[in-house]
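Structure 1 and structure 2 below are the same protein chain in two forms, each given by itself as structure tokens.
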Structure 1
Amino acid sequence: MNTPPSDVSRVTCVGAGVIGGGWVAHFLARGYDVTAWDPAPDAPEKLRRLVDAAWPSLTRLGLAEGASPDRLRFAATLEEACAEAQFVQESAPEKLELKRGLLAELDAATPEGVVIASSTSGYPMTDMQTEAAHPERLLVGHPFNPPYLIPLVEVVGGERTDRSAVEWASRFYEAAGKSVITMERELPGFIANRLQEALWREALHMVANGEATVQEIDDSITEGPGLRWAFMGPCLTFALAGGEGGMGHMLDHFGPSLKSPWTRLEAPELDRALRDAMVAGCEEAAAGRSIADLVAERDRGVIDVLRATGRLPGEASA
């Protein structure tokens, strides 16, 4: 790895659609020189529109020193785009064959040792790095839409990826202002996408069967569990449904519901090992906070989110 993660100043974004363009906006706002490339004829114009539309939000969010939308350059060719890159983010369409070939081309055009990350929504890098000459520097850096606002990046390598490249990428993304989960092993869909994909598939089943409308599905989340999930994850919020007994009591009480047809997804067997793993995991996540502390935190958070989104009763809506 030529450049230490926090010394990187030039990044290349290949693919300038919604995700690739969002990465461009993010890196510009964090003060990088960004080179973009996308073979679509209207790509430069669309990218400029996306960056211009995002810039007021990025300004509200707080720009890094020296950040400017003028530090974006659109390259004429893939080779030109990669020639001086210190980091490459690939965000091409979600097609395995295309990703395989493109990653091999990027690998051939990018200076030795420079890390190349794919924004793929769920393909394992092991399946994508098959054609590249230097697979050891290819890894997944999976963002959420829009990458310039949602902090999460899931970082995971493939079977032929060097551990040092994964560590470099995690540190680089953190330096670039992202919130990183570094996964120890490949899992199709990674973590967050598996969770939201389960929810999404259930939603599609409901619409397909006429059980709920799109509006009801969206309202059921924004007026319900979505308010908690903005700041406290599903495990810790469910622990609070167990009252003073926490996750242990919650699982003992609601465990039988796992046999109920409350979703089309079959639940795992709630054996002692899983119960104890959930309880221990929640205790670890609570990091010393008592149930009462967490309840107070959740309540404060929900009120703050309701206020921030203009939904406090009696206050004018935003």
Structure 2
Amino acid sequence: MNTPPSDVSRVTCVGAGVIGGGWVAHFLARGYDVTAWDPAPDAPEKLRRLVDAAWPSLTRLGLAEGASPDRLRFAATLEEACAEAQFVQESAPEKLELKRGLLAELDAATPEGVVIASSTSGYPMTDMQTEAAHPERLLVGHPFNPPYLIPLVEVVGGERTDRSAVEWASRFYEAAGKSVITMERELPGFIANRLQEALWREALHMVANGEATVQEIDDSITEGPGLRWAFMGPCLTFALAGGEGGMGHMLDHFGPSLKSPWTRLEAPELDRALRDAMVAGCEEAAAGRSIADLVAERDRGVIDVLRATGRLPGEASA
């Protein structure tokens, strides 16, 4: 790779939706010059609004020296966006053929040796790098929404990705302030999404069967295990359930319950009735708060949890 990870100063973000825009906000807050490109005609205005909405939260987190929204430039073409890139983050819609074609275009437009990462939430890079001339520099850098607040990024290459590119990307993300899991093998949906999906499917089953409301499901997490998961994952949490005997005792004692009909991991049929029930339940839970209100509330909450659990310094001055 041409540039050491800690020396990168120019980042290109392709795709300016919720995830791509979140990456833009994150990189700007970390002091990078960011060039963005998206084919939608209203993308520049939407991206500016997203960055402006995120900036108060990023200010609370603490900005890097020289960080400014003014360091964002929106390119007219993909080729222009990639011409001087030292790292490329792709965040296009989750359509496999689109990803394949776009990654091939990015590969052709980006200087030799520059790593190109995809924000895909589920596709293996092996399936996406098939049309690129230089697949060895293509890999997955999977973030969590919003990328400017949630630290985690899962990094994994495809079958044709060079290991040095994966190692370079992991070091770059760490230098850019992310918490990195470098996966040793591809896994559809990666790690955290698979865990989220299991919980999500069970929630949909309970709503579909009239067993719980949207509000009850959300409260059961925010007032229950979610409080522990903010600083300790499910495995260590369950180990503590075994007392002094730890995980061994927990498995010996509660293991038989794994055969109990507590969960239904297959997804329910997402028919119109279930869709409408989920939409209505979320509107009721929002209690009149707009999406912008909920985003601001979420951002404040994430920052407070990170700070309360010692993963951030004290309050940054505005």
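Here, a residue number simply tells you its place in the sequence of structure 1, counted from 1. Basically, rigid core = biggest C-alpha set you can superpose within 1.5 Å across the two forms. For clarity, every value in this text was computed on a predicted model and none was experimentally measured.
Report the structure number, 1 or 2, for the form predicted in complex with a further copy of the same chain. Note: form predicted in complex with a further copy of the same chain is structure 1; the other is not.
Superposing on the rigid core, is the CA of residue 301 displaced by 2 Å or more between structure 1 and structure 2? True for residue 301: a C-alpha shift of 2 Å or more.
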